[in-house]
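Just one chain follows, in the form predicted alone, and it is written as structure tokens.
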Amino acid sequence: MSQKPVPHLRVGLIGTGRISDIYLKTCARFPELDITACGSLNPQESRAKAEAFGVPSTGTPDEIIADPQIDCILNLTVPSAHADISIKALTAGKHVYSEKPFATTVADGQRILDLAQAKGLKVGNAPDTFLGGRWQTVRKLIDQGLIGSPTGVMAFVGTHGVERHHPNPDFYYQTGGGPLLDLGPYYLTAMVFLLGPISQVSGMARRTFSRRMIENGPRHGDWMPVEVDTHSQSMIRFSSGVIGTMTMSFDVWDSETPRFEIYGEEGTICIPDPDPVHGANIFQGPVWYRTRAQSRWEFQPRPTGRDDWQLAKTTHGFNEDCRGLGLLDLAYAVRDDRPVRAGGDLAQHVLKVMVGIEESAREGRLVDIDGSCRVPDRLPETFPASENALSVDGAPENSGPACTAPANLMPEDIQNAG
């Protein structure tokens, strides 16, 4: 058995706000990722971040993009700046990995894809949470036929915004923000990964408050104008025929609604939100299911709660917050010249879906989603070690097909949660 060379991707980070902390922590875990510089429009913030995480240098965004020693730009700017920074980076010959959303307009997203293709560069985009252990396990269960052919899906996130904990939450309520563009990418990306591309959407939305007050930090008491709808409900049709519903809201004080459920001909998979840390938009957490045999409709009296649900054994790694895992996958995609799992075409498809939902809400009609996207392969269970080891015939260890033929799960694959 031989080994492939381990990639070494030199990364310049642009945007040193709160989200950059977890990216810096994750990248420090992997020798494949070398963050050599960080910067933002706030030099003091950038220097403090570099000192805290051992980043060798700082600079302005333009200086980092122009640095010939940098291979890839990690774009963590506010949503309204995503497209501008990504296009500048690609123009300078850098690969790009960006926070979500991909862009704020479909036209800008297409410009990014076209430029990357013309220059032979890779584009990746958050969210990469679907690469976490719980979501990879769900995909494996579906591929193995645990619930039969999927028929429906439901996603729900009800919060009351971010102004109670974020010191500068303004951009969440400006163009490019709002619950649909902020929270929707997590769930829509997971849906496409699990169920395939989306072909048609409809939506309704409302803006409950015209302004909101910041309730923490040095700006406590300041009022912000609200430019976007803050409660969005949508219907979703997949190319496969699966149909779904999704609610994304900044106007809900509390709820017991599960975050994510998938319905199939032979059972249900439920991804609950057990606590504020392990939410369904994060990598880790339990995966519950009931097949037809355990369904409450099979019993009298019908069981309640989770006593008769099964708890799936997590088969993949990364069961903790690993934002930046998609960037690691991009490093291997650059080396092997293969598609990026959390890639630009997937992010553009999700952006089209969200823009379509907004358009439907404004115009009161169904909206067809133009085009499609490649559905990402599952991660090998031993990623990233699997990417370096070669078998005798030269294929990566544990590569396997993205979808296996339906099969019954073995007893060791499940454990009763009762």
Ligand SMILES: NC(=O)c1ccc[n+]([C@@H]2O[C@H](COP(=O)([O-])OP(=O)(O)OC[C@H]3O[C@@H](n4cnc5c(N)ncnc54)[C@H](O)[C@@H]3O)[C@@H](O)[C@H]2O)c1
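What you see is a predicted model; the values in this text were computed from it and never measured. Counting begins at 1, following the sequence as shown.
There is another form of the same protein, the form predicted together with the ligand; it is not shown, and what comes next is about it.
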Identify whether the ligand in the predicted complex is within 4.5 Å of every residue in the set Gln144, Phe193 and Glu266, based on non-hydrogen atoms. no
Please identify the residue among Asp182, Glu163, Asp128, Asp229 with any heavy atom within 4.5 Å of the ligand in the predicted complex. Asp182
Of Phe260, Phe283, Tyr289, Tyr186, which one comes within 4.5 Å of the ligand in the predicted complex, counting heavy atoms only? Tyr186
Report yes if any heavy atom of Gly12 sits within 4.5 Å of a heavy atom of the ligand in the predicted complex; otherwise report no. no
State yes or no: in the predicted complex, is some non-hydrogen atom of Ile87 no more than 4.5 angstroms from a non-hydrogen atom of the ligand? no
So in the predicted complex, is the ligand close enough to Leu41 to count as touching (4.5 Å, heavy atoms)? yes
With the cut-off set at 4.5 Å between non-hydrogen atoms, does Glu45 touch the ligand in the predicted complex? yes
Heavy atom contact within 4.5 Å of the ligand in the predicted complex, the stretch among 231-239, 77-85, 328-336, 200-208: 77-85
Looking at the ligand in the predicted complex, which residues in 83-114 have at least one heavy atom within 4.5 Å of it? Ile85, Glu99, Lys100
